[in-house]
Each structure stands twice: as C-alpha cells, then as structure tokens.
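Only one chain is given next, in structure tokens, and it is the form predicted alone.
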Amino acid sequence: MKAVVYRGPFEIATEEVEDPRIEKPSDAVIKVTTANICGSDLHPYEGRAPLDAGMVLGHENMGVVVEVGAAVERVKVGDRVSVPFNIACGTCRNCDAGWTNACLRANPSGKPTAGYGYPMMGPYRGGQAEYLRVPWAEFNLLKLPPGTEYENDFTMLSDIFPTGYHGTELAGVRPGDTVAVYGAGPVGLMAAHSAMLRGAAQVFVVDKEADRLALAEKFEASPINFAQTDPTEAILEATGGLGADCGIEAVGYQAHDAAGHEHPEMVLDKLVEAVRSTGRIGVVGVYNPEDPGAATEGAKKGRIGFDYGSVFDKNIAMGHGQCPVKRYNRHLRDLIVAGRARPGAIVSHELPLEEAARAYDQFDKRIDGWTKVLLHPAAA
C-alpha cells in the first residue's frame, strides 16, 4: 500500500509499504478515507521528538472497516468508523477508569500511553496510508453514520476536537464563563469552539497568525494578536480587571514570542497573568519529559520554569495531560450530526498522499492559509 513514511528530520516520503493484516483476534483493518496532519506530527518532523526512520506517520484517522479478527463482534466489515489516536486495551485499571490515554497494556515499553505513528507511543504504524490496523478494535472504534456526509467534521473526532474539548473540561468551563485560549492552531480553535458549546459568555483567542485569528472569529471568539496587543492587558480590560474565569493552553513547549524566539514557559506565564484569582487553567499543549533541542537547559530535561508562585498565591486550579478521546468522541459525534458542532470549518487543504511532503513543509513553515490539512488516500 501507499503510506507517508518518516525518513528523518524534515524528510518524509510517500512510499510502498507492506499492507497491514490481522495479527490478533481483536484486530480490525480499515481502509483509510481521511487522515489529518496534526501539529504534533511536526515534533518528529522537526527532529524535536525521536522517531525511527521507516515509521508510517499519522494518528488522526477515519475510514471503513474491511477486515475483522475472530473476536470482533460489535464492529462489522463495511462500518464507517473514527479511530481515536489513543490505543487502549479497554480492561486495564486506567482504561476501566476512563483514562484511555494512559492504557497500561498497549505500549510494549511499559509507558502508560500508546498511539499510532508517534514517538514513544509503541510500534503501531500510523494511518497516513491506504490501510490501518486497529488493535482492540471492539473497544477503540467509534461507529459513524454510513456514507460520506460530515467527512471533514468526523475526521476531527480522532484527536483535535476531543482534545480541544478536554481543555475546556480541565479548565472547568461553565455557562457564563469568560475563557482565554492561548494558541489558535487547530486544537486551540477546537477549544474555543468547545467553550462556546459549553455556554461560555466570551472566549478570547490569543495568537499572532492572522489567518488563524480569522478562523477564531468564525467560532464567535474574540481574537487578540499578541504581536500588536498585550493579551493580559486586553483580557483584564475586557473583564473589568478581574481576568478570565478559565484559561486553556493549546500551544505547548515550542511557544514563540512575536520575534520568533522560543520560550517554553511563555504561555503558562501569560495564562497565570490573565486568569483571575480562584480561576482554572487546562493545559492540552504538548510538553515532553525530554527535549534535547529546547531553548533552555531545564526544558531539555522537561523542567519548565513558570510562575507557579502566582498560581499558588491566586489559588488557580490546573489540569493537564493527553486527552482520553473515548470519553468525549461519541457525544461530539452526535453534536456534529445534530448540526450544533462544525469542527470541519478549520480545514484549509485536502490532498492526496502523494502531496504529503509539500503539505508538511508548508504547514511546518506556517505559510498563510495552511491551517488544517486532510490527506485522502483514495485521491490521486
């Protein structure tokens, strides 16, 4: 089959690789209809997260089931499905508690997390390919209405829509709250959309890229360009000096200032400034335990020096971590079908696998207009 293969930093290629097959009775194989390029795919692409050459990329996947193992009963051949980026066994202590992002069995390394085509998340090939093997398919796959309707919306259910929603859950967004979202990439935009779905009175989205801020307005958010305006001052002024009730960090360890210099603590510090006393912050931007290419010596070892003293002094509650997709994807699917949610509004490009190298290059360089790229393996 054709697949997008990692060859090294800034080097990927669309190549022929071995077709996936049923390896265990609990497996399924899907024909991929859409696989997205995620911002976190850029971490190995840029050489900032270790990945073996030859790995097939892609953890945001959906498609149609073409084969199932002998133990799979609920999922049938022909079912249209969304594939959570977390691979979970469904029976370990963490899965049983709903933390499918921290499965204790799926990653052979013993690390409590597993996923497709991503550093340190196990040997599982990604879905930027014509076909994908799904372990524990009975537990992991989410059924979708048949056909092709809502394809660009449903493809966001594998990661970024649940992850954005998870940010609002961690931040405890309630009806009437004011919410500050830092980062207008796909996850930040989904966090803004989710906050409005939960009844937020006002959502501020902070970034410096004009095309992304324009998308934030489509979700009824108030954009703040931090290259032109101090976001803390703008949020304090808009909230009568109190600050936002909730803050969501959707940037991660590669935060850059307006001049392009990297400061891993920058977004955390700005959120602590902008969120009111006794407010709440949810962190869904990625932070790694090791980052040899980090801007500071501490950050190279996963130590991010931010203003925790003010967090304590202001009694701000914080939550953080990878999203347990299955906790939210069924509900978000139903919001899409009901016409309440429209995550596909952020899609900028739909391309065949053969154009993946160009898409990664343009997305990584933040070229204007390259906000969310979908790859369609059947397109040629």
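Keep in mind the model is a prediction, meaning the values are calculated, not measured. In case it trips you up, residue 1 is the first one in the sequence shown, and so on.
One more form of this protein exists, namely the form predicted together with a further copy of the same chain; it is left out here, but the text below deals with it.
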Check R93, V284 and D313: does every one of them have a heavy atom within 4.5 Å of a further copy of the same chain in the model of the complex? yes
Using 4.5 Å between non-hydrogen atoms, is D211 touching a further copy of the same chain in the model of the complex? no
Residue-level question: is D207 within 4.5 Å of a further copy of the same chain in the model of the complex, judged on heavy atoms? no
Does the 4.5 Å heavy atom contact test between K24 and a further copy of the same chain in the model of the complex come out positive? yes
Contact label in the model of the complex: I87 to a further copy of the same chain, heavy atom within 4.5 Å: no
Let me know the one among S222, N288, N225, N107 whose heavy atoms come within 4.5 Å of a further copy of the same chain in the model of the complex, would you? N288
With a further copy of the same chain left out here, work out from 228-236, 151-159, 122-130, 261-269 which stretch has heavy atoms within 4.5 Å of it in the model of the complex. 261-269
Within 4.5 Å of a further copy of the same chain in the model of the complex: residues from 273-311 (heavy atom criterion): R276, S277, T278, V283, V284, G285, V286, Y287, N288, P289, K301, G302, R303, I304, G305, F306, D307, Y308, G309, S310, V311
